[in-house]
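Just the one chain here, the form predicted alone, laid out as structure tokens.
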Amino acid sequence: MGIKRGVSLYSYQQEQFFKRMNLRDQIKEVRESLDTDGIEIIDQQAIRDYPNPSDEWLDMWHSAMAEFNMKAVTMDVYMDVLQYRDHVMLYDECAERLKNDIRLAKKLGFANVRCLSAVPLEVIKMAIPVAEECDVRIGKEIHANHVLDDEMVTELVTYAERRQTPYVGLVPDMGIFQYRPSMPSMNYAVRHGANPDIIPLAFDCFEQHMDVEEAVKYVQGKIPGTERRELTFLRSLDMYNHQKPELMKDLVPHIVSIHGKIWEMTEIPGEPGHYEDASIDYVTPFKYLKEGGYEGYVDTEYEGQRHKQDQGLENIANEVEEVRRHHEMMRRLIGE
């Protein structure tokens, strides 16, 4: 079977905001243009009247998914612990919210729910009986600045293996394999006052695995007078550079689904019609996923539009085209 392709409809956020694509349009695009069936959603973006959608909305959702023969892969859920005026949510309250999200995911036909990396394992543990009852897996996201063998990942894997449950696992975000700044983010910084001469120096900082303070000294040594606020790439230095992609192979049994993070898909020099995200390593992690026998979904999560939203409509990102290019790349890496 091998790795399967899907799309997080988060990728089409602008199309939704400007009312150029509704939910059915997005599902149709995934099926007809990308020739695949995996759908991931963010609950509060896609579900009208979340967490209590109307019967009318539920009928629309199921009708669209059935019309295009789609699979509901993962529902991304959040934990707004500040939603009450008088207190921060307690663990028990967070667990009840997660349980309700799992029940909603079941109602929508999803196989998994994704929690953010900040959600404590203790909260997830309290929700596992409901996950088992609903046959919905809980996946905790591995997002920058986490690494594949840090305490959060080890704690969850150890618990899952000790309890021998498949209902708690991981959702790696491919952004953890970013190894250089993305050009959309660098161009955004320049439009907002950064010296464009910083761009090649930012690449140097990544390639030399500098920490933040080393990078500040390096750039200010090359361009005296550079203000720290111009060095927008600094926050990324501690997030990337330290992954061990070979660990993906061993984590395969615990992977619920994967976020296919991209910032910008550009044509590979000398290879017309073939695309890559020049800031994220996909080749190496995909190699180890294939070796480990991963048969789940990698769902495109395009986020580069945020770096172009300071411009006019004529210059904003083409989300549909970015996702299509990402799937061209994934087809090649999967070997379809």
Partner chain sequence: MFDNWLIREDSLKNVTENGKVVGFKMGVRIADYRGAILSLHNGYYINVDGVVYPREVQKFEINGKPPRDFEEIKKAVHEHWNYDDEGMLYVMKEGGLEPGIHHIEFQQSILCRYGYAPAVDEEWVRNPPVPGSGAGAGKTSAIVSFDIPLTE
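Predicted model only: the values in this text are computed from it and were never measured. Positions refer to the first chain, counted from 1.
Heads up, the form predicted in complex with its partner chain isn't pictured, but that's what we're talking about next.
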| query | finding |
| --- | --- |
| Among 153 to 161, 209 to 217, 94 to 102, 130 to 138, the region lying within 4.5 Å of its partner chain in the model of the complex by heavy atom distance | 94 to 102 |
| 4.5 Å heavy atom contact, S33 to its partner chain in the model of the complex | no |
| L90 within 4.5 Å of its partner chain in the model of the complex, heavy atoms | yes |
| Touches its partner chain in the model of the complex: D49 (any heavy atom, 4.5 Å) | yes |
| Distance check, D310 to its partner chain in the model of the complex, heavy atom within 4.5 Å | yes |
| Among the candidates K287, H274, H62, R306, the residue which, in the model of the complex, approaches its partner chain to within 4.5 Å (heavy atoms) | R306 |
| Neighbours of its partner chain in the model of the complex among 13 to 38 [non-hydrogen atom within 4.5 angstroms] | Q13, Q14, Q16, F17, F18, K19 |
